[in-house]
Structure formats: C-alpha cells, structure tokens
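One chain comes next, on its own, written out as structure tokens in the form predicted on its own.
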C-alpha cells in the first residue's frame, strides 16, 4: 500500500483536532447560569415587584426596544405596568431605580452571554456602587 503511514497519521491528527474541544470540556462542564441579584433597597421596599421575573428574563431586550421606539419615534413616555399603573419608559430612571446594582444585575448576565449591549452608548451609566 502506498503512503499508508501518511494517511493514518493524517487521520489521527484530524480526529485529534476534531475531538479536542470535546476532550478539553470533559469534566469542566458549562459555567453555571448567573442569577442576577435583586438585592437593592428599592426592590426590598416593594411588596409586589412591578416586573415579572420570568417575563423580563426572556423579553427585556424586546421591551427595551419597544420603549426606545415609543419614546423616540412617538414621544410616548409612559407605559402601563403589570399592576395597571403608568410608569415612565426610562432605562436610566425607571429600570435603574430598582436595579441600581448594574454590576451584579445587568453585567453578570451580559458577561455570561458574551453580549455587549449598546444601552450605555446613549444613556449615562449609573455610578458604581461601592
């Protein structure tokens, strides 16, 4: 057989390269999904939080886009909450009033998901707690 040594060596190298991500991840597992901290004075003072956790975890991007479009394009600055009360559609004021711990609330999940949102390109980032 011609060049059988080279073919077998090439196959071994190919299999080793193809399997290396799987082999390197054996035992390490995926990092744990972060749980955003809801430990802020504003949230603690609420009896019934305005935002529903399950809905906001999966839909906050769409809600913020809708709010942005409604405020910028339609000059509509209020939206009803789940409690029926009208709230100002404002990331800096309404959202960050309760979630003042940006590093432990926003950044933790965005870092985990490797997402770099452009919210703070226009909005003023809240000062770091500490």
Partner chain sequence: MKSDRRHFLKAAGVATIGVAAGATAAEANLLDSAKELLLGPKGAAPYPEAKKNARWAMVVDTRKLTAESMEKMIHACNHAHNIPLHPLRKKGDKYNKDEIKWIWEEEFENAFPGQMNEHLPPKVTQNEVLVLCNQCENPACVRVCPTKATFQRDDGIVIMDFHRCIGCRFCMAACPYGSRSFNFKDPRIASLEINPEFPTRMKGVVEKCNFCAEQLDKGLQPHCVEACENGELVFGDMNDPESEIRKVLRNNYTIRRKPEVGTQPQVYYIV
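Positions refer to the first chain, counted from 1. None of the values given here were measured: they were computed from a predicted structure.
In what follows, reference is made to the form predicted in complex with its partner chain, a form of this protein that is not presented.
Check your understanding: Is it true that 102, 106 and 111 each have at least one non-hydrogen atom within 4.5 Å of its partner chain in the model of the complex?
Key -> No, none of 102, 106 and 111 comes within 4.5 Å of its partner chain in the model of the complex.
Exercise for review: Name the residue from 51, 96, 79, 38 that puts a heavy atom within 4.5 Å of its partner chain in the model of the complex.
Suggested key: Contact residue from the list: 79.
Review point. Can any non-hydrogen atom of residue 122 be found within 4.5 angstroms of its partner chain in the model of the complex?
Key: Because a heavy atom of residue 122 falls inside 4.5 Å of its partner chain in the model of the complex, the answer is yes.
Review point. So in the model of the complex, does residue 83 come within 4.5 Å of its partner chain, heavy atom to heavy atom?
Key: Although its partner chain is absent here, residue 83 would stay clear of it in the model of the complex, with no heavy atoms inside 4.5 Å.
Check your understanding: Can you check whether residue 63 is within 4.5 Å of its partner chain in the model of the complex, heavy atom basis?
Key -> Yes, contact at 4.5 Å.
Check your understanding: residue 75: heavy atom within 4.5 Å of its partner chain in the model of the complex?
Key -> Contact with its partner chain, yes.
Practice item. Scan 85-106 and note down the residues that get a heavy atom within 4.5 Å of its partner chain in the model of the complex; none is a fine answer too. Key: Counting only heavy atoms within 4.5 Å of its partner chain in the model of the complex, the contacting residues of 85-106 are 86, 88, 89, 92, 93.
Point to revise | Direction of C-alpha distance change in the model of the complex, residue 87 to residue 54 (at least 3 Å) | key: Residue 54 and residue 87 sit closer together in the model of the complex.
Review point. Is the CA-CA spacing of residue 87 and residue 52 tighter or wider in the model of the complex than here, given a 3 Å or more change?
Key: Residues converge in the model of the complex, at least 3 Å closer.
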